[in-house]
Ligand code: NAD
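Only one chain is given next, in structure tokens, and it is the form predicted alone.
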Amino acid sequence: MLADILERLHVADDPRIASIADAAERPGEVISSNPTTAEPLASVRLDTAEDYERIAETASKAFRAWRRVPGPVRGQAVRAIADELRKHKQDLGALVTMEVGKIRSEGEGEVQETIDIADFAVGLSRQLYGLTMPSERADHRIEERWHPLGPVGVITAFNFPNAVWGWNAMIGAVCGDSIIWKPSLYAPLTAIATNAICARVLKELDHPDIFQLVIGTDDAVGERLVADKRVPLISATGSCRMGRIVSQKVAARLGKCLLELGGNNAVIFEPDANLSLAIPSTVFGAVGTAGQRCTSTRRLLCHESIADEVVEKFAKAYEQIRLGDPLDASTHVGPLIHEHAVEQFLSAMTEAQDQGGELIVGGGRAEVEGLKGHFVQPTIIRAPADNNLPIALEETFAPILYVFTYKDLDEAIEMHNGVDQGLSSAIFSESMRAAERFTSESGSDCGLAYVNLGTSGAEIGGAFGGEKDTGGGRESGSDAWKAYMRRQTVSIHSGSTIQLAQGIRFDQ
């Protein structure tokens, strides 16, 4: 099946794909494994430091030509990319599913997200607006112009091996930037196929080398990318620990960072919450992608008056969750990405119960007939009466939902904000006052706030990102495009006499 998919995606002969038939660990290669079966998919050749230097120089040269192409023309090129991605959506989605374990609809949905952001970028290519400002001096005018920034380094995590690159690459491309992509070593095949499709389209339009791909270790290529002064912006998605390392190294060369890091996201259930809406929304937030989204719901803050009822309903809902092969359309939840993730899940389970948490459902490995992958049981842990459950302050990339209770909304918001990260948040309530309180300046401290929606599943039209340890970056929609350009304030004098600002005289 994999060989057929790669053939249809026109990457079966890509020189980076070292072997499919006898994938094995060899020097200079990495194995892409199927987390559903724990079996290898292919061996992929890693780039070296010398490869990185060639790739970076190619991207720099391509940028110098691409920046001179008018924005609307760049937009039409991105439009052609979107059309080509539509043709390959099913195969790319299947590749995502095979390589990282997302269920089929999520794999295809991720490719759709790249298509959506490409469509958004096409319109944006005619709307890279600057401002005009009145001058205090006669015969003068002031305006802002936005210019292409340069090659943009994009570092992506395994859990969104297509879409997060798409957010950056499609916006960066219409802004006039070239892209150097360093994908996760857990998802190299998706990166090879995605980049090849987009690069091929631009090459056919006589815009070669805009999209560059570098697959390698942190030592060989990652550190070089982050430290490279030719790359003015590094957009990095990953753990908070990784973000701190990247931001310090980029700051040392006075470069720019766009960080989208971890999340410890909570949902508040008010007494008047519509449970028929709130529970399925929160179940998806907690178990979708096997809890391996940065926006996954980690904590449920439930009003004490409805807590017992809510926990009972959640337990029944979890009984309906079907674990299995993510390529099967009936599957709700696939595997974790690797065995180490399973071990981290089991360790969190032990800590939670040692700290007084009550195991409601799940809590262990999951046996799936015919599959030897990295499956765990979607889990609910109820916090002790005093809400003291330190493990819940940590982000475990697994389908774990910690349930807490509260007395009033102020207490819930304080609990909600009492974690290091600040990515996604939600409240379920029929009260306008509660909704406004939650989304006010003294409410949720997250970059994303939802009312009667779950924490997971952002649309591309709004800027995506978070605060605090989540990094403060913004990608995708709204005015996130400004991160990929440089602002220039232009003052133009059309008169014939010298006039200095602030009334300074220098002509006497």
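Residue numbers run from 1 along the displayed sequence. The structure displayed is predicted, hence computed values, not measured ones.
Beyond the structure shown, there is the form predicted in complex with the ligand, which is absent from this document and is the topic of what follows.
Interface residue among N159, S281, T379, N195, judged by heavy atoms within 4.5 Å of the ligand in the predicted bound form: N159. Only one of K87, R241, K372, H340 comes within 4.5 Å of the ligand in the predicted bound form through a heavy atom, and that residue is R241. Only one segment in the set 187-195, 114-122, 391-399, 88-96 has any non-hydrogen atom within 4.5 angstroms of the ligand in the predicted bound form, and it is 391-399. The closest non-hydrogen atom of G262 lies within 4.5 Å of the ligand in the predicted bound form. At least one heavy atom of T237 is located within 4.5 Å of the ligand in the predicted bound form. In the predicted bound form, the ligand stays beyond 4.5 Å of every heavy atom belonging to A290. Under a 4.5 angstroms non-hydrogen atom cutoff, the ligand in the predicted bound form lacks W66 among its neighbouring residues.
For the marked spot (I55, N168 and L213), a heavy atom within 4.5 Å of the ligand in the predicted bound form is absent from each of the three residues. Applying a 4.5 Å heavy atom cutoff to the ligand in the predicted bound form picks out D218, G222, E223 from 203-223, in order along the sequence.
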